[in-house]
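Below you'll find only one chain, the form predicted on its own, shown as structure tokens.
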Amino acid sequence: MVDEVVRELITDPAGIYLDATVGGGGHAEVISDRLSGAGCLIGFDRDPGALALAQTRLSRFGDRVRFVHADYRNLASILHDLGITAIKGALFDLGLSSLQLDDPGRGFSYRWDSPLDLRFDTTSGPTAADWLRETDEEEIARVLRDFGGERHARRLARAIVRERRGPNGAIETTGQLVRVIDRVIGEDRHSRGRSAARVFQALRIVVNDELAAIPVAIPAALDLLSDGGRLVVLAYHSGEDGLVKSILREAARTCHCARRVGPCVCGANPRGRLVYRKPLRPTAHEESDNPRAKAARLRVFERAQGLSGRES
């Protein structure tokens, strides 16, 4: 949804923009192309490998693009240290990038037998293998259910704990984990594949603490928006999109009174408005060309004074 992102995000080519998840630089490149010489893009990412690729890809823009190796939940303090007190727009492209998914050494996909890592930032924090080794059965089941929507969560959690206690020891590779999933789900190849996708998604979310970062980072970005500035969020997972929807609805609310039985007395001052009642979706053409885009939901918030919020 590159065209939609750029169309909704850029309201002033001379402004300062934030790409909180720069990845390989796909969105960042198109955004930078649309900025004037006075414009600037700050690109954040937790993945040092992705940042290195993005820096090479966007080197032709020179000082117009700056890169920061950091978790976007720290964006407020980092931008403050850079002397940036207001931005004209911010983009959050949540979740996993194709660059990471297609790297056979990272463990994000079950297509290859590789170390079970799943960290965005490979320089810090426990891997997915570490997490499975140290987490009890009840918590594993909860994560698989809540973050993956896996209906066999409890059976899978029990099998994972049994596996790590067996002669093979801890689950260290994607192949080991897939074999555990296959034994639980049975012979239906399609069902095994769907369960594997849900399990890997859940592990990725918990290892990177993704859902906890969203309620910190998005309000911080809203606070930094100048009047008329826009926040654009792409989400691919229902949990992510639900959080984003709730945060933006709250930011657009015109009244916070517990029960609206008379005139509003809370004096609420909404931070802006939701540009669309419902999220934008990829076109049929894009879904055909890029099947991974099918789950995308794009929400747009505009910062402005004195505007009424609208529920999405």
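Computed from a predicted model, the values in this text were never measured in an experiment. Note that residue numbering begins at 1 and tracks the sequence as displayed.
Note that the form predicted together with a small molecule isn't included here; everything after this is about it.
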The small molecule in the predicted bound form: contacting segment from 131-139, 195-203, 90-98, 153-161, heavy atom within 4.5 Å: 90-98
Although the small molecule is absent from this view, report whether Asp117 comes within 4.5 Å of it in the predicted bound form, heavy atoms only. no
Can you check whether Leu53 is within 4.5 Å of the small molecule in the predicted bound form, heavy atom basis? no
Though only this chain appears here, would Ala70 touch the small molecule in the predicted bound form if you measure heavy atom gaps against 4.5 Å? yes
Is Gly26 one of the residues lying within 4.5 Å of the small molecule in the predicted bound form, judged by heavy atom distances? yes
